[in-house]
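The form predicted alone is given below as one chain in structure tokens.
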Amino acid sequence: MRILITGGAGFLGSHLCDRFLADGHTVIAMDNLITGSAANIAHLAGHERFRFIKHDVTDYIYVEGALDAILHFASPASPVDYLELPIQTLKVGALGTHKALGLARATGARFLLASTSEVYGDPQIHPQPESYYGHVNPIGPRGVYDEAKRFAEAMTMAYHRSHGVATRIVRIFNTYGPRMRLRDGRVVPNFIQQALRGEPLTVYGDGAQTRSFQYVDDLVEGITRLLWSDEVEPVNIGNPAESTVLAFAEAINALTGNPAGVVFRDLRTRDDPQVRQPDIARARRVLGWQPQIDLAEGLRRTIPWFRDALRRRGELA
């Protein structure tokens, strides 16, 4: 197969490039490098079945030759990024999705949209099944990301119903692993870096808010199965092993040997979801998928990458 991955130089996109190349496919990664990094795909330079195109997908997309699949992963994805880049986030969710879907229609490629658990907002149903419509504040600071993804889902389904495009929608829950940006701003990179520096981990609120963390390899396996499946409805891909933020901080301190403990700060925004846990019954049923890597093992694979990255930056001895 010949596969285009928009956002291919990002954290998730680069891992997908690795997977599809390993599976024998030809991969084209497209990224404007606003939040992606060429370093994430530097190891693929010179690979005979890999090509990188620097391009903003909110502009017309042209790729020479046939395409069998398009995975649309282009978007700022962390609060730090989409609060700094609100217009770009909205544009890539709307215009970028429109351009990518248009290319899928023109080439006959199947199309997979990277959506998010953020479409559920601050949920009033727990855990969150795909049938839940969500509880989102459209004018809050996080609304630019949440609504961009909700709109992208609506457009994806419209192209499926109106134009017969073979579409797939994955709702991604909190995912971590190597190649996350050091300045990502989300809890995993923040906690790991503070722990490696021997600093107390900053917990916002009382730490009782929950998240469900999945290792990137589990997500990539779920996405791969969804892409080649016949499932048109959105599918949650996440690890239902729910943890409080405080317990997560304590786990990272234990794994890194950090004695500094935690420090509590006021919550930064009223729109932060208080709970997050996927209902993965649909993924189990239609994909035969469930996560295989527990939190402790995933962190053992992730922490050394952050340690090496900090050393390369001269921030650790």
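As the structure is a computational prediction, the values presented were derived from the model and not from experiment. In case it trips you up, residue 1 is the first one in the sequence shown, and so on.
Same protein, other form: the form predicted together with a small molecule, not shown, and the subject of what follows.
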Can you tell me if Ser131 lies within 4.5 angstroms of the small molecule in the predicted complex, counting non-hydrogen atoms only? no
So in the predicted complex, does Phe151 come within 4.5 Å of the small molecule, heavy atom to heavy atom? no
Would Ser162 sit within 4.5 Å of the small molecule in the predicted complex, counting heavy atoms only? no
Proximity of Asn137 to the small molecule in the predicted complex, heavy atoms at 4.5 Å: no
For a quick test of understanding: in the predicted complex, does each of His25, Phe73 and Arg179 have a heavy atom within 4.5 Å of the small molecule? no
If we take heavy atoms and a 4.5 Å cut-off, which stretch out of 189-197, 93-101, 123-131, 226-234 is in contact with the small molecule in the predicted complex? 189-197
Could you check which residue among Ala281, Ala42, Leu267, Leu33 gets a heavy atom within 4.5 Å of the small molecule in the predicted complex? Leu267
